[in-house]
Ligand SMILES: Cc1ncc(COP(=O)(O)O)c(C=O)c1O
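Quick heads-up: it's one chain on its own, the form predicted alone, in structure tokens.
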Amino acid sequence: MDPSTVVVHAGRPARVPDAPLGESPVFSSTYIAGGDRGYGRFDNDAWAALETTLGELEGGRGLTFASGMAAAAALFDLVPVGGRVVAPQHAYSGVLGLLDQQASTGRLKVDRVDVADTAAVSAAVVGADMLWIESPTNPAMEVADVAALSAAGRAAGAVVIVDNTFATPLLQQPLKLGADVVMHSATKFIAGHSDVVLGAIVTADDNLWTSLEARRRSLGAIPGPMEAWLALRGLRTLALRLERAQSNAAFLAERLLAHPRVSRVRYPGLPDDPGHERAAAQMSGFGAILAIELGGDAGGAQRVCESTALWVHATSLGGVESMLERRRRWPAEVPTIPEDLIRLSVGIEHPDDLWSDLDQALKA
């Protein structure tokens, strides 16, 4: 079935008389002995339904966590002490910060690479224990050759992880491109309504799944049943939300290219974007995130973010509402991200209203 159908129907209860159409959250820490569930930290109906749905979308087995960072931490725990991780120079700052923190204690070693430079990444991953790929990258919007890098990583004996948060399972399936594990900040497009903090991984490797489930169980990084249920409810409309948001993003990217205050638009859907050809080959769409630069004017970029009436000045993305942020306002953002770069998470509002608000902020 098409992913837009899978996202609606996967993970439903059996169709028997009087059965509910969807799973309900189960609020219990304790279960009667004698069954497989055992304890509230081990399993929950709402988690299971969400994990089944994500697994069917990505082509593996899903596992949910209390946050995207909890999922990332469990994945980094797979690296042996003193092992080496190859990671993008530009990626979510929380993930890069966690890697730096673990490197500072000697827990592991980190090599940063330009993830769009396939030859450089392939050379760096030789002898590494893990290759972390983010594509498109946050917030630089670089596009990695996921298939080529997955092949290089696996040939080198590294576990290949792809953060698929920006693309979502509807636009990109990294497991089919050769990755070992897919990671999501389900807080973003999957839940889609800016009301949940949640993480998820999917893998087709049963041994990896078992190892990661054991880490979740022992470290206690479990999602709440209500959060899992809300994320699943949000996921049901992902195809519709993403279709509208992606259309809006393409419309705005073209308009922004011609704006006199904008010096650069980063969006793989633009034919002249460095990642366009690669994204067109491995993705079924270009997504709803873009970034703009204002010719080095960091102060102006900050004022744009503070001058919109409709766009929300916030640090998240993937919600139904459009959000924008100057990423370097955060000290943890890597210094190679331009000071004037504004990340735009495009929502589902009417495109003319989004453009009017953004245009007046840029002019002001």
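Just so we're clear, the structure is a prediction, and the values are computed from it rather than from any experiment. So that there is no doubt, residue numbering starts at 1 and follows the sequence shown.
Another form exists, predicted together with the named molecule; not displayed. Remarks below refer to it.
Open item on the list: Counting any heavy atom within 4.5 Å as contact, can you tell me which stretch out of 80 to 88, 101 to 109, 214 to 222, 197 to 205 lines the named molecule in the model of the complex?
Closed with: Selected range: 197 to 205.
- [ ] Report whether the minimum heavy atom distance between residue 46 and the named molecule in the model of the complex is within 4.5 Å.
- [x] Contact with the named molecule, no.
Open item on the list: Considering non-hydrogen atoms and a 4.5 Å limit, does the named molecule approach residue 95 in the model of the complex?
Closed with: Residue 95: yes, in contact with the named molecule in the model of the complex.
Open item on the list: Can you tell me if residue 54 lies within 4.5 angstroms of the named molecule in the model of the complex, counting non-hydrogen atoms only?
Closed with: No, residue 54 sits far enough from the named molecule in the model of the complex that none of its heavy atoms falls within 4.5 Å.
Task: residue 165 within 4.5 Å of the named molecule in the model of the complex, heavy atoms - done: Looking in the model of the complex, residue contacts with the named molecule include residue 165, since a heavy atom lies within 4.5 Å.
Task: Answer option from 183, 235, 130, 149, heavy atom within 4.5 Å of the named molecule in the model of the complex - done: Partner contact (heavy atom, 4.5 Å) among the options: 183.
- [ ] Identify which of 337, 323, 305, 69 has a heavy atom within 4.5 Å of the named molecule in the model of the complex; exactly one of them does.
- [x] When the named molecule is considered in the model of the complex, the option within 4.5 Å is 69.
TODO: Determine the residues of 124 to 156 with a heavy atom within 4.5 Å of the named molecule in the model of the complex and present them in sequence order; the list may be empty.
DONE: Those in contact are 134, 138.
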